[in-house]
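Only one chain is shown below, in structure tokens, and it's the form predicted on its own.
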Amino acid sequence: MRQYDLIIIGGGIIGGSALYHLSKSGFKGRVLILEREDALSKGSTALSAGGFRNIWTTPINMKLTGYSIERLKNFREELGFPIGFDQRGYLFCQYEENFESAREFGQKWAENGVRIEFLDARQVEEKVPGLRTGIDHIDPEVNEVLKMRPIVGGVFGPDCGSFDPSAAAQGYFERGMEGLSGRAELRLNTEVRRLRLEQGECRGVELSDGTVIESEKVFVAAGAWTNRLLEQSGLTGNDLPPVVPIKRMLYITNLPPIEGFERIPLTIVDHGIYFRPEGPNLLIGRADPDTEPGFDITPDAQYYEEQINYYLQERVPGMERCRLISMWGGLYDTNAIDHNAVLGEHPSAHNLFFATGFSGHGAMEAPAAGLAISELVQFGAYRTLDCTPLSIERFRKGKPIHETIVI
């Protein structure tokens, strides 16, 4: 007899969501949660920007985030945990050709239930006090380097916003363990060396100290570390999702001295730079296109000073006086082929389930992803949200689902 019915590897928001949804659907088995850190939600979940949006180019992402946003909106009522839910919107500031393409795509958003407001340049400036959409004020020699262009309009998503993924993860785990009435066990400071894969089936795990734990099923919710674990377990080639760890850095500065700036939506400007209020300060980020895959998460102040702030101070007067207060790095589990999640039961290892490759939208899709995995584990099929398109099989068949709005 196996010791557990399910092992969940990873103490982040997606593992927590799966646990909670299992408890809600009446799962009767015994569950073991394994987390290598000394506390839950200490990895990528805690280091994320905490944004959520339903503005995508793929219907599957619109569906998953649409569902998830509603669950996050009602999180406090449903679970009794405050998660800092703040639905003040996302604003994508766009150059001319991008804005026209977005307008053409507008019907697709409408068909998928995504509310969008198309703003002209004046309305963009009203949304973000102090923002300059033009470039006449920029020294031409400076702009030879920056290559900034006029912002002609914006795509505003009123249903988008931000939340605290760590608080949500804690809520999911606490309520999930309560709901399983003593049938769920959490072990911290416990690292999995490999999965026990035998004759096309996953039969448990081996820990770093050599301990073997048998389980009927295993769910790997290890984010950017998923592939490393799969490789250590003997999977290779097409049995590995095309996912690599990519460092993404976030910076905190004081707010610029502009009245009303503390109420702006999350705003994306030139070259993918985004910013939003974070308490009394400003959170700023930008994906560095030159980052090589790896597990280093050391933040780099020079990147902010030389690759981000030069643009910001041209768009928002006063940003040149904003000082860097803190910074940190985290990991995206980046799908190098189509920037979409890879999840489901592994086709080469029965009873092995995994969810990875979210490419920066894992926290915001966690309610939907955790529910989907919980249904696969308990019922053997998706019941609420069909995530079949996100199977690893799409790469074997040469049918990726490309997501192009990734920040």
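Computed from a prediction, not measured in an experiment: that's the story for all the values here. All residue numbers are counted from 1 along the displayed sequence.
The same protein also has a form predicted together with a small molecule, omitted here; what follows describes it.
- Residues of just one listed stretch (119-127, 178-186, 312-320, 247-255) have heavy atoms within 4.5 Å of the small molecule in the model of the complex: 247-255.
- Interface residue among 191, 239, 278, 305, judged by heavy atoms within 4.5 Å of the small molecule in the model of the complex: 191.
- Residue contact with the small molecule in the model of the complex: residue 344 places no heavy atom within 4.5 Å of it.
- The shortest heavy atom separation between residue 363 and the small molecule in the model of the complex is within 4.5 Å.
- In the model of the complex, at least one heavy atom of residue 48 sits within 4.5 Å of a heavy atom of the small molecule.
- Residue contact check for residue 223: one or more of its heavy atoms lie within 4.5 Å of the small molecule in the model of the complex.
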